[in-house]
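Here are two versions of the same chain, shown separately as structure tokens and labelled structure 1 and structure 2.
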Structure 1
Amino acid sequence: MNPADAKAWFGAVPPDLSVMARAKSADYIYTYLRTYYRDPSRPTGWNNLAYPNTAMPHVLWQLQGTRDAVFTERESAENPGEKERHFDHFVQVHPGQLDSVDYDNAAADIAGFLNYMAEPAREQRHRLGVWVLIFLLGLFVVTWRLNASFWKDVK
């Protein structure tokens, strides 16, 4: 998507979820995909609890359905007399093609895929890292014993 077109269509460039998966985690992407709600004040008509005022529309709304977020107002602990808005729960307005468990599983699959696509070599690097740490541990033991044998006659 051309960034200039995205800014014109959505008011801002939507986030690149593969970059977000690399920077934050697959768990964040999973939460991000599950916390959309209708918000008529936004240019796309959607908002998100994990990434408030996001420019990305809810592309999976047909699977999840439409939901409204219910917020409660409480007095601020830091600033007495001020009210803070806190999320309470979601209200399903229209059901989607999937029930909530199936949608959560689909969101988990998408988050896992985006996590893999963000850095396909990550698993290989982690496997290699274990062997490097084992090698360094062995080298440490050899160096420690060599040092002990070198300095054993020095008082």
Structure 2
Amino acid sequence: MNPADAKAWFGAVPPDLSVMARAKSADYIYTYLRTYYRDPSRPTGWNNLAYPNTAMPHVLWQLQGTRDAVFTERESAENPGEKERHFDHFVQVHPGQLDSVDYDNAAADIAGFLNYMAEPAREQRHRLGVWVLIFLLGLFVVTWRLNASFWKDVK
């Protein structure tokens, strides 16, 4: 997407998703994709609990269907006298192509894929890391005993 077009259409340029999981975590992406709700006050008609007032529309709305969010008002603990809005629950307005379990699984698959994309070599790095630690431990024992043997006659 042309960044200038994106800025004009959405008010923000979509970020590079290939590093998103490293920047914000797979858990965040999973939650982000699952917490969209309808909000007529927003230019796209959508809002999000994980990223309030996000410029990104709910691109998976056909899968999830449309939902409204119900908020309750409570007095703020930090600023007594002021009201705070708290999320209570979602109401499914139109059904999507997937039920909620299948939609969550699809969101988890996307988050998992972006997590892999963010660092495809992670598995190999972890596997190699174990051998590096074992090697360093062995080297430590050898140098420790060598040191003891070099200095054993020095009073």
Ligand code: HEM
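We call the rigid core whatever largest set of C-alpha positions still superposes within 1.5 Å between the two forms. Treat the numbers as computed from the prediction; the structure is a model and nothing was measured. Each residue is numbered by where it sits in the sequence of structure 1, with counting from 1.
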Report summary line: Students should recognise the form predicted together with the named molecule as structure 2
Requested in this report: Determine whether the C-alpha of A8 shifts by 2 Å or more between the two structures once the rigid core is superposed.
Outcome: no
Query raised in the report: For N147, what C-alpha shift in Å is seen between the two structures once the core is overlaid?
Result: 3.8
